[in-house]
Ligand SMILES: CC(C)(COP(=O)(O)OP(=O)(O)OC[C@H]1O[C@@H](n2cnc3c(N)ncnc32)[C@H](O)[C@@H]1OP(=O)(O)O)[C@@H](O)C(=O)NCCC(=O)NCCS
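Only one chain is given next, in structure tokens, and it is the form predicted alone.
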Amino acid sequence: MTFLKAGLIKRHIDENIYEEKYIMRLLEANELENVVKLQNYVYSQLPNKQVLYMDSYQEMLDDMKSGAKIIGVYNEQNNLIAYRYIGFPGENDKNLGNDISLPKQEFNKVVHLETTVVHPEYRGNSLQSLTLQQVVPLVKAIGYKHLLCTVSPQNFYSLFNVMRNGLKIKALKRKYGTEADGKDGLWRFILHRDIDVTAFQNPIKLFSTHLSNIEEQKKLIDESYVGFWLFKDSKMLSYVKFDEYAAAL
């Protein structure tokens, strides 16, 4: 068992708020049933089912055998209340590096931020951010540097949390479809962060658009703009174009 963090957390039950202790640690493969149980419960509570891609028990088990990790958050009753699932796709065709034209030689340094699930009673505690902050030193220590993930344009809070932790929108595509051309897939932003890069340089153009404007964002991305920041109140996304040097970072 690898311990990562501990602290206090707020639990919301009806109109009441309770303070509890929590611990964060890496999960073992024999705890996957609890992960699936939490995922299924959270999915059942979602009004919009498109915002969460469901991972199967077997998919996660196979992935863990190949090195994937799951960061779990437990309350003081030792119940799993949140988790973050991360994978290492290597040169697999599913590597999101393909979606952002990452050089092939970098594929073995890619980390997929697969799924983050939080029990409804514990939302509002920034658990997505807290678990993501644990990912960076964890993967950097074993030689990885590219964080990549997909987020639904309809999942505002997940997108906001991911972007405020340094990931930038590099692509907008349909994913997880069953047809060969992918047209039956779900719209997903593909976000990226190189954890070795500490600053962007030389912005040359700036454009803002509403989160819901898919077509305008696709056009901006095709013109080499990067989704740089999401404003919480207005739900406006700032897209920035950098010079050739910075765009390569």
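Bear in mind that the values here come from a model prediction, so they are computed numbers and not experimental data. One-based numbering along the sequence shown.
The next section is about a form of this same protein that is not shown, the form predicted together with the ligand.
Peer 1: Only one of Leu96, Ile71, Leu167, Leu127 comes within 4.5 Å of the ligand in the predicted bound form by heavy atoms, so just point that one out.
Peer 2: Only one option qualifies, and that one is Leu127.
Peer 1: Have a look at Ile100, Leu172, Val136, Val118 for me and say which one sits with a heavy atom within 4.5 Å of the ligand in the predicted bound form.
Peer 2: Selected residue: Val118.
Peer 1: With the partner left out of view, is Tyr122 within 4.5 angstroms of the ligand in the predicted bound form by any non-hydrogen atom?
Peer 2: Result yes; Tyr122 sits at the interface with the ligand in the predicted bound form.
Peer 1: Taking the shortest heavy atom distance, is Ile195 within 4.5 Å of the ligand in the predicted bound form?
Peer 2: Contact with the ligand, no.
Peer 1: Report yes if any heavy atom of Asn161 sits within 4.5 Å of a heavy atom of the ligand in the predicted bound form; otherwise report no.
Peer 2: Within the cut-off, so yes.
Peer 1: State yes or no: in the predicted bound form, is some non-hydrogen atom of Asn155 no more than 4.5 angstroms from a non-hydrogen atom of the ligand?
Peer 2: The answer is yes: Asn155 has a heavy atom within 4.5 Å of the ligand.
Peer 1: In terms of non-hydrogen atoms within 4.5 angstroms, which of the given stretches 22-30, 60-68, 215-223, 42-50 touches the ligand in the predicted bound form?
Peer 2: Selected range: 42-50.
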